[in-house]
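Shown here is one chain on its own, the form predicted on its own, set out as structure tokens.
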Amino acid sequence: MGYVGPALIRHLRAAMPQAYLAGLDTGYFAKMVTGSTLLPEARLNVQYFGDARSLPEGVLAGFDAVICLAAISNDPIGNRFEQVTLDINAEAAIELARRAKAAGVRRFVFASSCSVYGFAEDGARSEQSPVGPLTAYARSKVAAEQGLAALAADDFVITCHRFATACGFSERLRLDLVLNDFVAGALTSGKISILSDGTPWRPLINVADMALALEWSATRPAEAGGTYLVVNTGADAWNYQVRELADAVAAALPGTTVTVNPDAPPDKRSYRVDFTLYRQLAPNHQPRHTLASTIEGLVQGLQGMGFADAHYRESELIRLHVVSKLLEGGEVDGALYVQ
């Protein structure tokens, strides 16, 4: 019930119309439906509500695959809730895998992140490159990968997708992602203000292409990558500098002005990524969206919502504001357990 989940549900239901699909979520963002009159989870056979840190007994029985998307999903929330980020993103994911293995599940898929590479200005990072996580979020992903590695077996195939930065329209849209933010700014104010000097590198992937990759890993045989696979997931053509992203949005929305902050301290989150392994292993599941088509999809989706909030960075389309509101209202406690 987050940003990626609706795209994954839609894709899996189309790709596997007869499959039994179940979801489990705390529901923090359940009501943040965008651009749809149908609750995305209506496409599932069943939706459970619960916390990944305290799974109900028996909920994993009978499943072929488990896809773990549950995470504190961005740096501002991770910085504020560092221990919770580790508990959910790493410890709960590892325990989920243990329980899945014990229940007879044969494939476990984990959504990791290319942010594990941190600052890497000396060339594109492959899966063999050293990691250098700079944030609580990135550190939690490294910890999860390390813990999952020990659980892989011939009858329990694990895939860790080091995804590029997500972007694109979703039925639970987030605007605290770089490309999505730029499109929202251009639409509402005709301005894109880059907080850095615009030079940091970011690989991106459309959320629909993330779903395509997750379908592949939920069904892949061990021969395609081994029983434990860490794979950069995206496309080489999607390595962009932040200024290039802003300029592409401005080109799609004429009249948009782009400004940078030449006096900003260097942004240490800068990395290019080599996606050769994913291209070799999953030739039929390569990203199908381009930067231009993704921008077009965001524009159409936001306009279809009647989106016109120039103060969107203070809105509930920013995940930190949703979590803060839940805390203030006593809906969750300091560890983000639902009350």
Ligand SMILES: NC(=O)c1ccc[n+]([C@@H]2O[C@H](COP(=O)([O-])OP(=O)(O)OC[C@H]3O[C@@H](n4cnc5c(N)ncnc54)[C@H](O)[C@@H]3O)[C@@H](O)[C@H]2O)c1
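Not measured: the values here are computed from a predicted model. Just count from 1 along the sequence shown to find any residue number.
Just so you know, the form predicted together with the ligand exists too; it's not on screen, but the next bit is about it.
- Interface membership of Asp309, defined by any non-hydrogen atom within 4.5 Å of the ligand in the predicted bound form, is ruled out.
- Within 4.5 Å of any heavy atom of the ligand in the predicted bound form lies no heavy atom of Leu277.
- Contact annotation for Thr85: none of its heavy atoms lies within 4.5 Å of the ligand in the predicted bound form.
- None of the heavy atoms of Thr219 is located within 4.5 Å of the ligand in the predicted bound form.
- Shown without its partner, this chain lists Ala211, Ala186, Leu177, Ile158 as candidates; in the predicted bound form, only Leu177 has a non-hydrogen atom within 4.5 angstroms of the ligand.
- Arg53 is the sole member of His285, Arg53, His289, Arg43 with a non-hydrogen atom within 4.5 Å of the ligand in the predicted bound form.
- Here the chain stands alone, but in the predicted bound form its contact with the ligand, taken as any heavy atom within 4.5 Å, falls in 106-114 among 189-197, 222-230, 106-114, 242-250.
- In the predicted bound form, Tyr137, Lys141 are the residues of 122-149 with at least one heavy atom within 4.5 Å of the ligand, listed from first to last.
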